[in-house]
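The chain below stands alone, shown as structure tokens; this is the form predicted on its own.
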């Protein structure tokens, strides 16, 4: 085979492969990879939630532990809320108030209630990372966010058991970080917006370090959630994610 013939053959193969590569990734592939990048065997973090609204500025601090895609525990450490805990395990979410020694299970619309008056709901703070169990997904195209090339996807809820019937998310094509998201009712009314302001890299994965959340049902309100430390794949006592530990 002459050099010219070989060059033409190689070019044809490349041209045939390009459309195959572009079509190879599906919306479901993107979501599975996105969820996988956000999930660790275990994790520990601490940080703060600062809400600014027409009443002023309020800041709360917390410690948080997680295990896999569905177990998480948050304990507030700021003076006003010290000892309050939120536990998600086996698909259920519980609140514990130490002063009243009261344990409450949240269900239905209560999951969407504001947490400590912020723009973040209890569901937002402890959401599970099994997106395809609850949503069908559609790949809408690509857009730049913060100079990063992102997949744009629309998620439509399969049931009424989720907080947001419609989600639109912008997923980084390289790191699979969700840079931006909007959450709406089934009729298209905007409920909430989220944007990542700063990132950290942990074990080769790019994760949010600081995010801004705006509840569009509240006037002139925004919440900044920031992490001070994040450790992953560390030894954790499995009893952390039990009801017995919650009230201890």
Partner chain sequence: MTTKLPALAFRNIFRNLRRSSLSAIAIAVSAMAIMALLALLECMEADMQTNLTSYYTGEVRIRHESFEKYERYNPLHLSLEVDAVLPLASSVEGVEAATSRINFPANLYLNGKNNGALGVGVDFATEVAFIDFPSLLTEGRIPQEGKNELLIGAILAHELRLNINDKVTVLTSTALRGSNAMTFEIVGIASFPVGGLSSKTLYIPLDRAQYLLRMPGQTQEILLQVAEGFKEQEVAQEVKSLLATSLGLETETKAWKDLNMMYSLLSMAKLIYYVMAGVFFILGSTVIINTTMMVIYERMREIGTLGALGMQGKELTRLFLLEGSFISMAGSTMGTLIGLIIIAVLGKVGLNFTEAMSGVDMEISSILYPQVNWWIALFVWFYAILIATLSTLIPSRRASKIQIVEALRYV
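Positions refer to the first chain, counted from 1. Nothing here was measured: the structure is a model prediction, and the numbers come from that model.
Keep in mind that the form predicted together with its partner chain is not shown, yet the notes after this line are about it.
*Indicate whether its partner chain has at least one heavy atom within 4.5 Å of a heavy atom of residue 80 in the predicted bound form.*
Contact with its partner chain, yes.
*asked:* Since only the chain is shown here, I'm wondering whether residue 109 would be in contact with its partner chain in the predicted bound form (any heavy atom pair within 4.5 Å).
replied: Result no; residue 109 lies far from its partner chain in the predicted bound form.
*Do residue 99 and its partner chain come within 4.5 Å of each other in the predicted bound form, heavy atoms counted?*
Residue 99: yes, in contact with its partner chain in the predicted bound form.
*If you check in the predicted bound form, is residue 103 within 4.5 Å of its partner chain, heavy atoms only?*
Heavy-atom contact with its partner chain at 4.5 Å: present for residue 103.
*Which residue among 89, 131, 121, 84 has a heavy atom within 4.5 angstroms of its partner chain in the predicted bound form?*
Contact with its partner chain in the predicted bound form is made by 84 alone.
*Picking from 40 to 48, 25 to 33, 203 to 211, 54 to 62, which part of the chain touches its partner chain in the predicted bound form when contact means heavy atoms within 4.5 Å?*
So the stretch in question is 54 to 62.
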